[in-house]
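First comes one chain, alone, set out as structure tokens in the form predicted on its own.
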Amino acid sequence: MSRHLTLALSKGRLLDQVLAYASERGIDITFEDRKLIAHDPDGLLKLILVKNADLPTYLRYGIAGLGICGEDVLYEYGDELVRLLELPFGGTTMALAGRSDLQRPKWGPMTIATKFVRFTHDYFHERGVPVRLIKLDGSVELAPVLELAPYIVDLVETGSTLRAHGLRVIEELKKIKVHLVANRAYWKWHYRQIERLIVRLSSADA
């Protein structure tokens, strides 16, 4: 049986924070230029860089047993994965946004452009607000600017991108946390190794 654990990481905003956090706990990881697979020097982890939305798929099919991603990804694509540890970095906010002069109607209907179709549908459906959703995979901030949709639902950190396009947060919908997650079968099979990793990642000693 392989001694290392296989961990999928998302390309993008979280990667540098994950690597810095791991390094503070003695797990040093370096991806060589253009390489998508890396190993830590102690042989504890094999790491795979994947697209954010693809991470749950790699876990579902057992290509990776563990992953680190936000609750946004889990809600849209990976609700069957086991959440093992909430990590103290990378948090952001899922928000409804629109033009600076726009207010949210109390009862709808609303047309919303978003990457997060499942979350947005469920959030407003549970509150009795009818919505028409337009799925986008790129820069959703363009939707109100180009009059594709008056509203967007997206992750917001500083709000600077919204302001640059004349938009603002109309309503904060959910705080999004980052989690270490696992394929259920992998978690059961590698329980002892994963528990040791969790203890190490939970350590306050940097």
Partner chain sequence: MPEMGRLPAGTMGLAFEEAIRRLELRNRLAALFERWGYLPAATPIVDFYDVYREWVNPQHVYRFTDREGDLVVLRSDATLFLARLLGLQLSEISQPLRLWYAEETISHIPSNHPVGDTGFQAGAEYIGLPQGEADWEVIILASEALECLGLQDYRIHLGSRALARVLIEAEGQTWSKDLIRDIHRLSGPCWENLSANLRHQFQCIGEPDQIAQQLGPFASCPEAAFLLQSCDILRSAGLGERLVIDLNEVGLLSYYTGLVFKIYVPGYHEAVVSGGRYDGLLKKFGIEAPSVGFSLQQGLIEVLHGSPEPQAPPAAASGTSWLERLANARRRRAKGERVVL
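A quick note: this is a predicted structure, and the numbers were derived from the prediction, not measured. Residue numbers count along the first chain shown, from 1.
The discussion below concerns the form predicted in complex with its partner chain, not included here.
For the candidate set Lys11, Arg184, Arg196, Arg25, a heavy atom within 4.5 Å of its partner chain in the predicted bound form is found for exactly one residue, namely Arg184.
Checked against its partner chain in the predicted bound form, the candidates Lys51, Arg60, His39, Arg163 yield a single residue with a heavy atom inside 4.5 Å, and that residue is Arg60. In the predicted bound form, its partner chain sits beyond 4.5 Å of every heavy atom of Val73. Among residues of the shown chain, Asp79 is one whose heavy atoms approach its partner chain to within 4.5 Å in the predicted bound form. Not displayed here, its partner chain is approached by Leu84 to within 4.5 Å at the level of heavy atoms in the predicted bound form. Only one of 176 to 184, 43 to 51, 145 to 153, 25 to 33 lies within 4.5 Å of its partner chain in the predicted bound form by heavy atoms, and it is 176 to 184.
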